[in-house]
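Just one chain is shown here, as structure tokens, and it is the form predicted alone.
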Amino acid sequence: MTMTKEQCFEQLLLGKTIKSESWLAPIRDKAGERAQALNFPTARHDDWRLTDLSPLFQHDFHPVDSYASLSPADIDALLIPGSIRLVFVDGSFASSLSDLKPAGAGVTVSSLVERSGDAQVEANFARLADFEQDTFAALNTRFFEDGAFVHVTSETAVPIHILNVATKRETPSAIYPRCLIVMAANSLATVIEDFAGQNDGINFSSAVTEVVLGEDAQLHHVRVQREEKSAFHIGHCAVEAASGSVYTSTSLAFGARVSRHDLHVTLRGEGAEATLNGLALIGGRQIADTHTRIDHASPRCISRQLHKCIADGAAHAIFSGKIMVREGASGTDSAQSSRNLLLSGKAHIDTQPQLEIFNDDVSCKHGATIGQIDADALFFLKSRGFSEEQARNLLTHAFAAEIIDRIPVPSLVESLDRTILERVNGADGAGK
């Protein structure tokens, strides 16, 4: 069924009513009002002018009214051995597929709905994600059914894996993954948010994550978007970092017909640090858009960012990264780099590194490159016996691996490394 933009949006607004606790009901109501007032963004919105959402509007998305029953074998290839695991199927918590036993003292990992009434949930839920200005965050806040809640008060070496699986259904489905991460002072953890699909399903996932870091807390936040090539994925992540805290993000986009990730980090306390690593590896007719904003709101904060895009076929990759330095944020140290690789003459990459500086006592720099595989490196490998295709694939893999290797979970690095090799070798036709 072909839809107009207006019909698609009206259908999303007909999402099912979710019973909520008294503290959450007013938030849902307000989010619904804001979603209706905002509507879908258009090319007239500066942040969306490069993102073609028209493929999304062609589908009639319905709320999920029943849930697939997956077995452990169905998700086995996605599992991280030894991790604390929360699994959600089409937005609903699957307790039978989850494994919370590795969570020790000082680590709370649970369904968000099950923690309703928790002081940390009520104090932080919907506080950072700006649903009043963002249509997709508003839709999520109005219609999410369940989500993940992570509260860490100590140090844990066990990775926390939040696996969101979208299944193929008779009609296109709208799914709203939600996540709230609260890191107490002096805590340390690694959290992996994983978005996967099954059987070439046509789904629309609107995901929202909020991260709160207390003083001197450290979080490595890994985000893997590997949904089906027929899916649509819009993600919004908002982070607030207190004094001395360290937030490290590694965000990967492999899947979906159209994907977008908005990552907003506010360095709220003096001496806070943020490191953002990103990779989009796409082909065919895929569109992958990454928008980041690092807000230096306090003195002597540090930020580092490296984002890479690899585009093959007729794919379109977009990166927009803004560094903002507030008037009182003296001693800011920030660096941003956007490096991009075109693998075909039809692929297209737009990159927009930006600085907004309202303070003279800063060290800020940024840079961007877009190019093809280095001819000298290609010649060198061919002179050592590699075919041209083998040499190109090896260089492309090395370009992507620089980001993957920054993930502090060896088993996940190994799994993602295989995914990259399959993609660059054309095993899934991504670059065709």
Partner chain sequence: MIKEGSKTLLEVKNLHAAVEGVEILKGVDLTVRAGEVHAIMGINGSGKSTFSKVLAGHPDYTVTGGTATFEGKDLFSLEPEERARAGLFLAFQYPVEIPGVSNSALLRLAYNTLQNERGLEELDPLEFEDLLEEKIKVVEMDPRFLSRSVNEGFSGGEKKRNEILQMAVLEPKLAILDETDSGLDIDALRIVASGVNQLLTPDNAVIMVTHYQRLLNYIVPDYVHVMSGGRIVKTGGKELALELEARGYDWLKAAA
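Note that the structure is predicted; figures quoted are calculated from it, not measured. Numbering follows the first chain given and starts at 1.
One more form of this protein, predicted in complex with its partner chain, exists but is not displayed; see below.
> Only one of 360-368, 59-67, 38-46, 393-401 gets a heavy atom within 4.5 Å of its partner chain in the model of the complex; which is it?
Replying inline: It is 393-401 that comes within 4.5 Å of the partner.
Indicate whether I27 is a 4.5 Å heavy atom neighbour of its partner chain in the model of the complex.
I27 lies outside the contact set for its partner chain.
Checklist entry - L381 near its partner chain in the model of the complex, any heavy atom under 4.5 Å? => result Yes - in the model of the complex, heavy atoms of L381 and its partner chain come within 4.5 Å of each other.
Quiz item: Taking heavy atoms and a 4.5 Å cut-off, does S54 contact its partner chain in the model of the complex?
Solution: Taking the distances in the model of the complex, the answer for S54 is no, it never comes within 4.5 Å of its partner chain.
Taking its partner chain as it sits in the model of the complex, is A377 near enough to touch it, meaning that at least one heavy atom pair lies within 4.5 angstroms?
Output for A377 is yes: heavy atoms within 4.5 Å of its partner chain.
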